[in-house]
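The chain below stands alone and is given in structure tokens; this is the form predicted alone.
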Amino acid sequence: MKHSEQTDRRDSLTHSLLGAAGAGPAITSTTDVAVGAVTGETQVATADGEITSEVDVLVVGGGTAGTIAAIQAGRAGAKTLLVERHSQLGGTTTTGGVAFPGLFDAWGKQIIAGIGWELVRESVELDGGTLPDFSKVPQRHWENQVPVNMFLYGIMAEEKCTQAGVQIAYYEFPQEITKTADGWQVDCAGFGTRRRVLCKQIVDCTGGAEVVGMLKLPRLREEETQPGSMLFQTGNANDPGRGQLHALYVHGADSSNSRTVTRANMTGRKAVLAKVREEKQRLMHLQPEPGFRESYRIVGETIITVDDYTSGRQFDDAVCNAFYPVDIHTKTGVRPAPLQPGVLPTIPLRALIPKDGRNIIVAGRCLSSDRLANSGLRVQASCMAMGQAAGVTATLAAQHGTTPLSVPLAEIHKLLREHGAIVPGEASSG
């Protein structure tokens, strides 16, 4: 578009918004944005919003694990679609507001790196923040969690997805999944949009293994789940990337479906409102929903037990490290049980693959584990590492025309190294 045409367009827009009399606020500047260039959308929707997308890898859920899985698949050459039911990427870090991810280190060494660490590090650097010194073992585990600006983190995650060629579909979610000769047909829906996805591999990063549940593959969940946390700030303005928000437990928080999430949202907001009235302070910040700690987990080809976790079992098919105390939150609070000095748990490929599943892999807190092990495995750095491993595995499976469990472990490790990840047994000195 020529400069004169842009000027005419802006003048026309200003006139239509302000009216012939010029009433209303002045528009000082505008920026033209080519939406297709931002989203990577290449399909043309029909009049009734029907779209068909043919991809190698479909990632469902753009949270902590899913964002990294999608970036990894895109960078490794897979045609990738990321479907996210909300309006932004980042999940717990952004929508939930738990904007201090960890743990990337253990016992004086960095044990998780790769794409997740790249995103965290660059977010902190752009925000003028500081990074912890991983060569020093902290007295308390949370001292090496990394405060990030959640707003920067979310838009930088989008940028890295688009740079990797990943197409993002917000406000959409699978409604029906059918096996095909080459993989899957996944019918998704959003308001005004019906999308049929033809893909070779699915990466389920929904937090509660919702795609696995749709496929009627087995999942685990105890009757009682850990409380969620509604994060907010009263009195002083929120200073993102520099401190932690206030938190209220939301007991009974359940992210299994829209009904239970609605109840959790309303319960959390009601509690915040009561606190504002009681303390007579201004409400300065409120997250849109609680951070959920626990939901369904898959029954995988193996199940990580708390003994595996606390002993630092080195699985033969380990694809990433994990590190955090056993961390069960209850109605009376939380008392983390630290791991013994030198213990470094690992996550095996088989814990990311649903038992008897084909052409599907999971990443994030829904991995196959018992409840106590999951309380340590569910944290953000470990979920990022799982996401990268799942993205690599799904890409290789798509390229080889096989299923994730059949991808040679040596090839997974090789591609992980090429993209900056730390393979178990190869922790960095920092």
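Numbering starts at 1 and runs along the sequence shown. These figures come from a predicted structure and were not determined experimentally.
Same protein, other form: the form predicted in complex with a small molecule, not shown, and the subject of what follows.
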Check your understanding: in the predicted bound form, do V83, T206 and Y324 all reach within 4.5 Å of the small molecule through at least one heavy atom apiece?
Key -> yes
Check your understanding: Tell me which of 108 to 116, 348 to 356, 192 to 200, 165 to 173 has residues with heavy atoms within 4.5 angstroms of the small molecule in the predicted bound form?
Key -> 165 to 173
Check your understanding: Any chance P404 has a heavy atom within 4.5 Å of the small molecule in the predicted bound form?
Key -> no
Practice item. Check whether V98 has any heavy atom within 4.5 Å of a heavy atom of the small molecule in the predicted bound form, and answer yes or no. Key: yes
Review point. With the cut-off set at 4.5 Å between non-hydrogen atoms, does Q380 touch the small molecule in the predicted bound form?
Key: yes
Point to revise | 4.5 angstroms heavy atom contact with the small molecule in the predicted bound form for V60 | key: yes
Practice item. With the small molecule left out of view, choose which of G268, G91, G74, G300 has a non-hydrogen atom within 4.5 angstroms of it in the predicted bound form. Key: G91
Review point. Just one of G241, G154, G183, G291 has a heavy atom within 4.5 angstroms of the small molecule in the predicted bound form, so which one?
Key: G291
